[in-house]
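Just the one chain here, laid out as structure tokens, in the form predicted alone.
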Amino acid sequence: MELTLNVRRGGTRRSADDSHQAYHVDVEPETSVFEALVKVREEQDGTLAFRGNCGVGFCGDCTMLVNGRQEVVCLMPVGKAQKDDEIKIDPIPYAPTVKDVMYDAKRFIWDKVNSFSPGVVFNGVEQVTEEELSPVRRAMRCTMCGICDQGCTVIDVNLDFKGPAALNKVFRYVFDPRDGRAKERVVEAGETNGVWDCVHCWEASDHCPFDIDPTHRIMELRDRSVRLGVKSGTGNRQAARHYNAFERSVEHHGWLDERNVAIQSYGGLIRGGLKMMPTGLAALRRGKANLLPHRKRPGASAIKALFARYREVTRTER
């Protein structure tokens, strides 16, 4: 089939001056977009720059925007990708662009992954069951293609957020029954821009091409962190304050006192009150808040009893 690849050409900074160059190729419909780009580079334009390595969807290097969608292009046939015999190819938006559609993978993913402690630290457990390793094996499917990070709504506003790919790597070690540093790892993950900054929008899971479900992995990492007695990193006490305020609010009132949780999360009545004052005043003006005491909901005593029962059970388990 004959089709046109419209490939973004340009340097490290994207601007209105960046243009797309059209390359006409004749390939079979099952040819991958990556193979079509290689054909262009080998036969038409040796200056065309893009990333790619394994060609079978294992390394994740060849992630690009294909007609506006993030794709691992070695797995995308041109017959499926084309629209009216044309394919538009752009670099992924959140990674620094080196040239054309080639991105800086080190800054985009690997610096974040490498900011966490690597490798299993053997704890003496020599025999583990397949059931115990099942969640670990699922996390290990990750190829670091970066598509989950591309879909992340936190990275959209904060490029310093560690991102689902790096946090999935932490999950892989924390949930390995042979590792002896789980507590230290969740402390690392709990620092600012870490696991507690995820807004659980589920976009990462929706974008993952390998069914790893990274949003669930982040939620499970949070649960394991709390079970290990870690509610935040050492330099991120706001996460622990928020967690504790949320728990106290539901325990004592039967439901969430959002006003007080916000104030307590930012440091208490004085510091938190001053921090939240502009937001609070705006909410009052718009009728979205009031100054009345937060009332208990019906059945609050039963909910409080559940908290007491939970603490009793967990004390016994310890």
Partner chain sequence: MNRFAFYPGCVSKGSCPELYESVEQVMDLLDIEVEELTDVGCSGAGVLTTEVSDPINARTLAKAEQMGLALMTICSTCQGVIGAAALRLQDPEYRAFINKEYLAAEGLEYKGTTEVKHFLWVLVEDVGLDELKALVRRPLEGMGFSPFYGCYLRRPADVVGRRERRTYIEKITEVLGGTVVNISGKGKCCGFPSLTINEPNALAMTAKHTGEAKDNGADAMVTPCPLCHLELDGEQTQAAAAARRTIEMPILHLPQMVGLALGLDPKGLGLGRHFVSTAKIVAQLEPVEAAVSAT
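Rigid core: the largest C-alpha set superposing within 1.5 Å between the two forms. Everything numeric here is computed off the predicted structure, so don't read it as measured data. Residue numbers count along the first chain shown, from 1.
Below: the form predicted together with the partner chain, not depicted.
S.K.: Work out which of 173, 116, 210, 202 lies within 4.5 Å of the partner chain in the model of the complex, going by heavy atoms.
M.R.: None of the other options qualify; the answer is 202.
S.K.: Among 183, 141, 83, 227, which has any heavy atom within 4.5 Å of the partner chain in the model of the complex?
M.R.: It is 227 that has a heavy atom within 4.5 Å of the partner.
S.K.: Heavy atoms, 4.5 Å, the partner chain in the model of the complex: which of 27-35, 40-48, 56-64, 252-260 makes the cut? Say which one.
M.R.: Among the candidates, contact is made by 252-260.
S.K.: Is there a non-hydrogen atom of residue 282 within 4.5 angstroms of a non-hydrogen atom of the partner chain in the model of the complex?
M.R.: Yes, residue 282 lies within 4.5 Å of the partner chain in the model of the complex.
S.K.: Should residue 69 be classed as touching the partner chain in the model of the complex when contacts are defined as heavy atoms within 4.5 Å?
M.R.: Contact check for residue 69: no, nothing within 4.5 Å of the partner chain in the model of the complex.
S.K.: Do residue 158 and the partner chain share at least one heavy atom pair within 4.5 Å in the model of the complex?
M.R.: It does: once the partner chain is placed as it appears in the model of the complex, residue 158 has a heavy atom within 4.5 Å of it.
S.K.: Can you tell me whether residue 188 touches the partner chain? I mean in the model of the complex, with a 4.5 angstroms heavy atom cut-off.
M.R.: Looking in the model of the complex, residue contacts with the partner chain do not include residue 188, since no heavy atom lies within 4.5 Å.
S.K.: When you measure heavy atoms, are 151, 154 and 243 every one within 4.5 angstroms of the partner chain in the model of the complex?
M.R.: Each of the three qualifies.
S.K.: Counting only non-hydrogen atoms and a 4.5 Å cut-off, give the residues of 257-271 close to the partner chain in the model of the complex.
M.R.: Heavy-atom contacts to the partner chain in the model of the complex: 258, 265, 266.
S.K.: Would you say residue 25 moves its Cα by 2 Å or more between the shown form and the other one, aligning on the core?
M.R.: Shift at residue 25: below 2 Å after core fit.
S.K.: For residue 277, is the C-alpha shift between the shown form and the other one 2 Å or more after core superposition?
M.R.: Yes, shifts by 2 Å or more.
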